[in-house]
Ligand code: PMP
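This document opens with one chain alone, in structure tokens, the form predicted alone.
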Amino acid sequence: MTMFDPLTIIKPRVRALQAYTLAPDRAPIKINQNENPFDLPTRLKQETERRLQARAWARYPDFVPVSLHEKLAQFAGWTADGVIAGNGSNELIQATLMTTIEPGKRVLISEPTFALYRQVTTVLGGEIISVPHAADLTYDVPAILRAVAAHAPDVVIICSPNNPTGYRLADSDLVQLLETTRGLVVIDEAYFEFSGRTVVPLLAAHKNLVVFRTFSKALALAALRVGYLLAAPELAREIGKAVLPYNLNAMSQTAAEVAVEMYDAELRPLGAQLIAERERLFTELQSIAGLAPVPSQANFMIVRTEIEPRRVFKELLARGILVRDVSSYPMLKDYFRFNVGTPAENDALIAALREIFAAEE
């Protein structure tokens, strides 16, 4: 019989953390996780299935997915030995921090942002330096640079476009940051396809730059968990040491290759449609008294509401629409977030919000 509490072995800082989780709410219109509302086109699924049928399922996937790395390098405009494919970009965020952060090391983030950066840093024993956004929810670059000078962080993580605000850091500001810090600068480009911009051209001149990307958004493969990292080859080699063997299963590898090959013909047009729908939503919501949408360069947006956000969440859920209540995030106590849906889903959201806020007049 165990005579001690095994939880005492767990790091106190881990026990003090609240787990990263998501409420189990469900609704016919699900626009709470920044997913692509358009499923992977049938032609891509069929081609993935054809290739999987032709391979031996009893054999491990490639130890290093060389073919996928080569296709990703061509797709991104980088070099294959500077690419790491992962089980979602989250794995690569974790691997990067595992190879850099330990007690006494610092990670600078600008909040509100993706909660996983803080979560992983804390578990590893690192210190978070948090710089608030500017009042308009853009990156406060002068404040970030002052914090870099004052705290000398080992890693700076910038989500661009940022989750949950949708704001993109200007390239000129990023260059200044890269040239100022003596640590790594990590740019999470999970949503870059919706902004029409990427920082990848800066990789050649800045060896301290690391870029994360994902297949979960514009490439419609959230179910298969594929992400990739782009960095200087010598840096990618070290980060790769923290990636588990056979981290990417054969189905995910195959589907990712197919998605990259057919991106221009099949997936880019769907992304363009989402961008057009995002702009339509922004215009429509501006016309509803009591709502103030924030301009976004991603496939989602946050909206300031004069009605308590939790009530808006519940009112929409009662109408079969699931959004994200982000009012607990720093600086967002009056906001909720939703991702761009199909045109029909977006019409339903607009109509529901008009009804909810008309009742308040």
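Being a predicted model, the structure only gives us computed values, none of them experimental. For every residue, the number given is its place in the sequence shown, counted from 1.
The form predicted together with the ligand is left out here; the points below concern that form.
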Exercise. Please pick, from 157, 226, 230, 97, the one residue with any non-hydrogen atom lying within 4.5 angstroms of the ligand in the predicted bound form.
Key: 226
Quiz prompt | Partner-contacting position among 198, 90, 181, 254 - heavy atom within 4.5 Å of the ligand in the predicted bound form | solution = 90
Quiz item: Taking heavy atoms only, is residue 110 within 4.5 angstroms of the ligand in the predicted bound form?
Solution: no
Exercise. Report yes if any heavy atom of residue 167 sits within 4.5 Å of a heavy atom of the ligand in the predicted bound form; otherwise report no.
Key: no
Quiz item: Should residue 193 be classed as touching the ligand in the predicted bound form when contacts are defined as heavy atoms within 4.5 Å?
Solution: no
Quiz item: Is residue 78 one of the residues lying within 4.5 Å of the ligand in the predicted bound form, judged by heavy atom distances?
Solution: no
Quiz item: Just one of 200-208, 213-221, 255-263, 146-154 has heavy atoms within 4.5 Å of the ligand in the predicted bound form; which?
Solution: 213-221
Practice problem: May I ask whether 117, 163 and 188 all come within 4.5 angstroms of the ligand in the predicted bound form, judged by heavy atoms? | Solution: yes
